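A single chain comes next, written as structure tokens; it is the form predicted on its own.
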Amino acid sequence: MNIAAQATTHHGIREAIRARIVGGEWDLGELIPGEAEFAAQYSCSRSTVNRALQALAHEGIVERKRKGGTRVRPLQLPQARLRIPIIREEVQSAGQTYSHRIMRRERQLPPGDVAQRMHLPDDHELIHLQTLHLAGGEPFAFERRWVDPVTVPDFEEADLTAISANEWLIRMVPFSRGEASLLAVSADAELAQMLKVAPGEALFTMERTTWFEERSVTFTRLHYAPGYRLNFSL
């Protein structure tokens, strides 16, 4: 792996480690290398690595325990009751190749129902993103997402070509509570085109809203292609 060894300041090392976490080098909850190993990789002191890891821990990206090492932040128990799935992992676990296409990405005022779900005024601009998730080159799910740039200022400029917004937010943004609804939605013209179904066909749909403390993070409406099955533990 090509490691950005030139990043020798704690700011540079923090961003280098963050990029590796976002890129999926370590799974959620997985132990990452220790200070000595990172120091050797980046040709710097352990104290510099310590400052970088402490900053990531303060942001909620990693979790540090005395004598227990540093781990990518795992899902907390209240979140794990209905785990937010990483769509890439769902597709790959079925033995298919995952890819995604960003169909729309813009800052705009949200529809009234979205503002209400996120407990925001109607004049609060959000980042609107539409993503088509593919399994083996065929439609798997179509995602309409709104993200609050006040809570997640880095999202507007985030590089989502190699990693979807779904995975970027799960890996990068801690949330303290959320709400989810499961429902059937009739395919409108856009959904019919994206998912290659007949207009009016019933689609399994998940709506999800998350907050960090009292600040909204994102509202997502995720429509799955026919045949999708949601599995979770009670």
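In this text, rigid core is short for the largest set of C-alphas that superpose within 1.5 Å between two forms. Numbers follow the displayed sequence, beginning with 1. Every value quoted in this text rests on a predicted model; they were computed, and no experiment measured them.
There is another form of the same protein, the form predicted together with the DNA; it is not shown, and what comes next is about it.
Only one of Thr70, Thr205, Gln41, Thr209 comes within 4.5 Å of the DNA in the predicted complex through a heavy atom, and that residue is Thr70. Here the chain stands alone, but in the predicted complex its contact with the DNA, taken as any heavy atom within 4.5 Å, falls in 43-51 among 184-192, 161-169, 22-30, 43-51. Not displayed here, the DNA is kept clear of Pro199 by more than 4.5 Å at the level of heavy atoms in the predicted complex. In the predicted complex, the DNA sits beyond 4.5 Å of every heavy atom of Arg177.
Within this chain, Arg215 is remote from the site of the DNA in the predicted complex, having no heavy atom within 4.5 Å. Not displayed here, the DNA is kept clear of His58 by more than 4.5 Å at the level of heavy atoms in the predicted complex. For the three marked residues, Arg107, Asp123 and Thr131, no heavy atom of any sits within 4.5 Å of the DNA in the predicted complex. Shown without its partner, the chain has Pro33, Gly34, Glu35 in segment 26-42 as residues with a non-hydrogen atom within 4.5 angstroms of the DNA in the predicted complex. Core-superposed comparison between this form and the one not shown: the C-alpha position of Arg14 differs by no less than 2 Å. In the core-superposed comparison between this form and the one not shown, Ala40 has its Cα shifted by at least 2 Å. The rigid-core alignment places the CA of Val62 2 Å or more apart between this form and the one not shown.
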